[in-house]
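Shown below, as structure tokens, is a lone chain in the form predicted on its own; questions about how it binds or moves come after it.
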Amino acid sequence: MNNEDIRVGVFVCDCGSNIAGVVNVPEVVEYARGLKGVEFADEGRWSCSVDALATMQESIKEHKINRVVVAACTPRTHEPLFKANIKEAGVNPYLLEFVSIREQVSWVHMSEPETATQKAKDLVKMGIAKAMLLEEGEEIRLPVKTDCMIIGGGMAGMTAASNVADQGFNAYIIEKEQRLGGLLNGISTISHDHDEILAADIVKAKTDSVESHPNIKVFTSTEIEAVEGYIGNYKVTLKANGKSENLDISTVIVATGMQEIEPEQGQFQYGSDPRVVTQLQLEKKLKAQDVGDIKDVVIINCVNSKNATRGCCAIGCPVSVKNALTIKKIKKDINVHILYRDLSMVKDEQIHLQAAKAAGIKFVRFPDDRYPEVIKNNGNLMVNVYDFLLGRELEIPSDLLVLTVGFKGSDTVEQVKGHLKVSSNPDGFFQEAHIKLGPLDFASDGISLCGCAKNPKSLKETCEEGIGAAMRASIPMKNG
């Protein structure tokens, strides 16, 4: 198409006062009208509204527009809407150019209206120049069958597999360990409402359900050797016991879980004294109902978390309270102290906090910059902590010292990243496409994410995300 045949339509949005409160939109529209190739320019208060979209279609048809520039908010949220709209008006959706004058202009130049207006003009001018070079495109339609691979056989993976399979699709669970259950296999109890449920019972019920489902096939002690292809056409090579097996997969769900960040050697006497353990190591003792002949237990929260390196681990506080209560149930006369910086407990968890206080568990708050110190006195562990509320130093004896540490992604993260071409953060947790717009999706189509592979979370949240990821993976399989 010659430049003489190109007819650009420019639509600049006020976005209420989001844009118009800073940018002189009428001035930008008038500027656009005078640029080469522009046949029509218009201002809209809410360009994404139903009425505005209908008006846009009428203008495109009336002025025989064959290139469209929309200057509004982020294309990440609204580009698909405008693509669909100009397609209905008879213009190829790939002949749309989106210019972000909210995030890139009005929001970053709130106190500089003149600068913002000039920048908006410049961006619109560039958008028009690019629009004139656009060529028609077509979307490729790929067949998607009904086979979904779930990487990880913990509660998130099993929940996702069950929900995929219940819709009549085929689910393949790939688990590197010898049995399903993930992190829950090493946990004693799970807090639920006013009571606690044995984690082993939860795992058994879910495992039995998964293994007996006709649409689910489980691969344990299995690793992924290679993944090639794209949505609807993944070729997966599995390796187990020295033998390889190939699968044809349409969609993928990543549910690889997490693991504790082990404290440094010598930190709070960890590694040099067997009486110093992490919460997961304590869980094994509690699962066996074996706390030994102890009188004093001290729990230190926020070890290697909620600092300059990483944020709050999200589950440390409720876990410390839960395990403290379990210790008191096993042996009522044990003294338990929880040392904390602040307690992050949601509404439902307040029940357990009140129960802990009623059971005689002592809570000691220490300042952010004055962590407790652990010393040995004649072979006995002593914890020195400054009580923020009392305003004085305390010395607490400890027969068992429990460290509530942060978490990181599974040690398979790097391998999975390489196979699927996805990204993770420095702690090895996978990165979703968008925290609000795509919380269970990766940037690549056909790959979903759930559970503690994304960040630490409770069992309830883990299972809910497993259901959500199954729904995301099911959409292309349902549509075919």
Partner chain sequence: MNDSILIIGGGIAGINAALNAAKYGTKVYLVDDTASIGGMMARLDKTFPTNDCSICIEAPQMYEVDNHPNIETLTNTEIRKVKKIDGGFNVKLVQKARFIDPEKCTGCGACVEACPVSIPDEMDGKISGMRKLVYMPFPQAVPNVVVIDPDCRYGNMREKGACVGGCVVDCSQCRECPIALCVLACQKEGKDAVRLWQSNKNLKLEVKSIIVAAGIMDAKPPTGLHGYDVFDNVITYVQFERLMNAGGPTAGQIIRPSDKEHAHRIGWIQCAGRGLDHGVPYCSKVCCMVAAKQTIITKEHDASVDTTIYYNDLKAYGKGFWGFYQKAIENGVRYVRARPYDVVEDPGNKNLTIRYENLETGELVKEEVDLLVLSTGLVPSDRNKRLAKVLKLELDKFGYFKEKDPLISPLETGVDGIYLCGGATGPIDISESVVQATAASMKAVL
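Positions refer to the first chain, counted from 1. Everything quoted here is computed from the prediction, not taken from an experiment.
Absent from the display: the form predicted in complex with its partner chain. The rest refers to it.
Chemist: Would L440 count as touching its partner chain in the predicted bound form under a 4.5 Å heavy atom rule?
Modeler: Yes, L440 sits close enough to its partner chain in the predicted bound form that at least one of its heavy atoms falls within 4.5 Å.
Chemist: Answer for H434 alone: is it within 4.5 Å of its partner chain in the predicted bound form, judged on heavy atom distances?
Modeler: H434 belongs to the contact set for its partner chain.
Chemist: Taking its partner chain as it sits in the predicted bound form, is S410 in contact with it (heavy atom to heavy atom, 4.5 Å or less)?
Modeler: Judged by the heavy-atom cut-off of 4.5 Å, S410 is well away from its partner chain in the predicted bound form.
Chemist: Since only the chain is shown here, I'm wondering whether Q289 would be in contact with its partner chain in the predicted bound form (any heavy atom pair within 4.5 Å).
Modeler: The answer is no: Q289 has no heavy atom within 4.5 Å of its partner chain.
Chemist: Mind checking whether each of W46, R341 and M345 has a heavy atom within 4.5 Å of its partner chain in the predicted bound form?
Modeler: Yes, the whole trio is in contact, each within 4.5 Å by some heavy atom.
Chemist: Considering non-hydrogen atoms and a 4.5 Å limit, which listed residue (Q279, S188, N170, N163) is close to its partner chain in the predicted bound form?
Modeler: The option sitting close enough to the partner is N163.
Chemist: Give me the residue from D368, E262, E393, E114 that has a heavy atom within 4.5 Å of its partner chain in the predicted bound form.
Modeler: Going through each option in turn, the one that passes is D368.
Chemist: Going by heavy atoms within 4.5 Å, which of 114 to 122, 246 to 254, 136 to 144, 76 to 84 lines up against its partner chain in the predicted bound form?
Modeler: That would be stretch 76 to 84.
Chemist: Using a 4.5 Å cut-off on any heavy atom, which residues of 311 to 327 would contact its partner chain in the predicted bound form?
Modeler: Contacts from 311 to 327: G311, C312, A314.
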